[in-house]
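Quick setup: one chain, the form predicted on its own, written in structure tokens, and binding and motion questions come after.
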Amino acid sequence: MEQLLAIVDDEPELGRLLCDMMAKEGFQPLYFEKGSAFVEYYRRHPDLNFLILDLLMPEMDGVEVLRKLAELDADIGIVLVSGYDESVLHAARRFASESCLNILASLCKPIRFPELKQIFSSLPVSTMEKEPGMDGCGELSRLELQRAIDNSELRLHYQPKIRMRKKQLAGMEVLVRWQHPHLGLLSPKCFIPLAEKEHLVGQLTEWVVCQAVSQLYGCRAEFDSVTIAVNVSPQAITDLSLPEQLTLMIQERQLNPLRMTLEITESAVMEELTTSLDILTRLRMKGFSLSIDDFGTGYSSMVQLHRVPFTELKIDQSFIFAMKEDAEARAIVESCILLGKKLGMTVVAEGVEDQVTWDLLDEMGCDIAQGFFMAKPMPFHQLNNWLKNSRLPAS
């Protein structure tokens, strides 16, 4: 099926030329001379896949178009172009990223078609393949989610984490899905907010941990030294009984707590700081590893590293995605790696989607990589087959 591509530029000749060129590359292009016309079209047709957007336009400029797309929660891959100076292009890209838009690249005019072609031919896998259940979540209820937990409608997927220097499986992040009887496989984004709102996070966390530990226990020979990483909700970090509950769960299944990493976002720590410090300190005392997730996106990440006994630093994937083309993002990633090393922490890069990114991280001394380049999240029964047939990145 052809990918739908919109081109928004106030130069009709350039717009038509780009349409002809992109049609030859297998896209179905649509041209808009005005930003307002494109926005109105997108309101009625949100199934567009990609957008090439000129920033400097009369009537509605490119930044205004980006703002409108953000208001519409647009799920579209965007390439920004401009004849203005690079600092403006860079600022617009930062604005779009902060607005949760998917920016693929930014180009200065005049556009060189080989460069544009390269952007679309080397798109990461995650850009082309959306997460399951991102659309069509529907109106979910507490009763449905409670039933899902009680009746085992939830499913675990595992994404391998690769030790970069040795090219070995270091661990797996555990990701939960919901096999809804009517809506199909749903992403966590569809039901985690509901679980938090309806105070079902405790039950959900317990189900995930018990299921993951049980599956790992059943295959001890194959995964004897592999760790599992579980995301812990902000709500769970306020439950003073969490350390004892998790310890009991894994003791019953004879798993060493050293083999479990709990991933916590900075926002989770900040919500109830004193209580969080109590709980996280006791979790470390009981042997669990603690990872600060999405590092670099919070205003006080450095403060949290000083306060909380984290053992792992997980660099936010937005910096990993951008580091090939963005010198600032690359500098941030390198600084995060150096900081983690100085503090004696394991450093994980999430969102590795190509060999170039792998090589850059390897040169910087990153410990562990995770991303679609090595492996997508998969059901547990597929892990053995992946281990036998995986072709890990080249040196």
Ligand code: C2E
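Being a predicted model, the structure only gives us computed values, none of them experimental. Don't overthink the numbering: it's just position in the shown sequence, from 1.
The discussion below concerns the form predicted in complex with this ligand, not included here.
Participant: For the spot marked by 42, 97 and 102, is every residue within 4.5 Å of this ligand in the model of the complex through some heavy atom?
Facilitator: No, none of the three is in contact.
Participant: Sort through 83, 257, 202, 188 and report the residue having a heavy atom within 4.5 Å of this ligand in the model of the complex.
Facilitator: Looking at 83, 257, 202, 188 one by one, just 188 meets the 4.5 Å heavy-atom criterion.
Participant: Would you kindly say which of 162, 76, 174, 262 lies with a heavy atom within 4.5 Å of this ligand in the model of the complex?
Facilitator: None of the others qualify; the residue that does is 174.
Participant: Mark residue 372 yes when one of its heavy atoms lies within 4.5 Å of a heavy atom of this ligand in the model of the complex, and no otherwise.
Facilitator: Residue 372: yes, in contact with this ligand in the model of the complex.
Participant: Classify residue 276 as contacting or not contacting this ligand in the model of the complex by the rule of any non-hydrogen atom within 4.5 angstroms, answering yes or no.
Facilitator: Looking in the model of the complex, residue contacts with this ligand do not include residue 276, since no heavy atom lies within 4.5 Å.
Participant: Even though the partner isn't displayed, in the model of the complex is residue 144 close enough to this ligand, meaning a heavy atom within 4.5 Å?
Facilitator: Taking the distances in the model of the complex, the answer for residue 144 is no, it never comes within 4.5 Å of this ligand.
Participant: Even though this ligand is not shown here, does residue 35 get within 4.5 Å of it in the model of the complex, heavy atoms only?
Facilitator: The answer is no: residue 35 has no heavy atom within 4.5 Å of this ligand.
Participant: So which of 304-312, 237-245, 288-296, 87-95 is the stretch with heavy atoms within 4.5 Å of this ligand in the model of the complex?
Facilitator: It is 288-296 that comes within 4.5 Å of the partner.
Participant: Does anything in 331-370 come within 4.5 Å of this ligand in the model of the complex by heavy atoms, and if so which residues, in order?
Facilitator: Heavy-atom contacts within 4.5 Å come from 350, 351, 352, 353.
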